[in-house]
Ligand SMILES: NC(=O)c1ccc[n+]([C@@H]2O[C@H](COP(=O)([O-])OP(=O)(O)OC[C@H]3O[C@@H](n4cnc5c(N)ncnc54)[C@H](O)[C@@H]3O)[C@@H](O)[C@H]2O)c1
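One chain comes next, on its own, written as structure tokens: the form predicted on its own.
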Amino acid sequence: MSKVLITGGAGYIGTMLSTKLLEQGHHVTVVDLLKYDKGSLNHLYFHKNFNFICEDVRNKNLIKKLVRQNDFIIPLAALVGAPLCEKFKKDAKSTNLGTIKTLCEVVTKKNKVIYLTTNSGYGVGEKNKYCDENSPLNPISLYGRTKCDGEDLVRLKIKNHVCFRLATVFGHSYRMRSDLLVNNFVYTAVKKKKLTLFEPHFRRNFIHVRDVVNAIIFTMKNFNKLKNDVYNLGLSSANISKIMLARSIQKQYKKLKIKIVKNRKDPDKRDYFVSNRKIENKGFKATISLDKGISELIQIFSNDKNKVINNY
């Protein structure tokens, strides 16, 4: 079994990943400040193979020491999303990019790095063309730029790496977020019974958080087959527009009313479909359907009265 270091492991993807890795017998060390949810790792402290360090990932000496003690490094710590990065520009640069510069300096030959970035780097895609890994990156936010620059560094400086450009993630996590598009649409549908859409034709690709975790575990098992390359990671059947997403929710949540506003612009300009063929040809395919995730989220937001604390 491997020793795995996850920075930002108390977050939306990190909590689900840490849980699955521990279930499979790996040793997991998480570094996180627990800034948004103090209890997202509560279910893991019982595990003897779990090591939690409440510390800032910008602590270079700590990261250097931990990198040398672990086999796989999965740097998830980041200010996530355009609004948060615009609000805290300096922290966004030092956390999203500065920590990757540090990782490039301290990583050893034995380390294997799995770096998750965002396919929002594609910005606005061509109308009738899927973005693949050779498509030009054109990030339209500080968040997108820091993640794309981080990917460039990892690919240039780290000998053993795999980079994933993630589709927009959805589904339940121990550190829940309702700002991600599918989660947000379902949350709004349940709480307000109405969705107001601007620029409903804007396109996006999606993936369930459990499929992201499964892809990382697949990568750990098949690292030599995948290494030193970049892959889009999304659910191929979930390349859809915002109006298609809204209608999928309405099918399961009949009370929902959809209103389209024609003269307002969506501040999030991303508009693209994404090809996931490259990772699928290597043997991994996302399988959790959008409908399954919508069903899960409707039940969560209908029955769980705990307030979701978003990171913006």
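The numbering used is simple: start at 1 and walk along the sequence shown. What you see is a predicted model; the values in this text were computed from it and never measured.
One more form of this protein should be noted, the form predicted together with the ligand, which is absent from this view; the next part is about it.
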item	value
Triplet 55, 76 and 169 all within 4.5 Å of the ligand in the model of the complex via a heavy atom	yes
Exercise: residue 17 in contact with the ligand in the model of the complex, heavy atom 4.5 Å	no
Residue 10 within 4.5 Å of the ligand in the model of the complex, heavy atoms	yes
Contact label in the model of the complex: residue 116 to the ligand, heavy atom within 4.5 Å	yes
Any non-hydrogen atom of residue 177 within 4.5 angstroms of the ligand in the model of the complex	yes
Heavy atom within 4.5 Å of the ligand in the model of the complex - the one residue of 33, 62, 258, 244 that qualifies	33
Residue among 141, 219, 239, 95 with a heavy atom within 4.5 Å of the ligand in the model of the complex	95
The ligand in the model of the complex: contacting segment from 250-258, 275-283, 34-42, 65-73, heavy atom within 4.5 Å	34-42
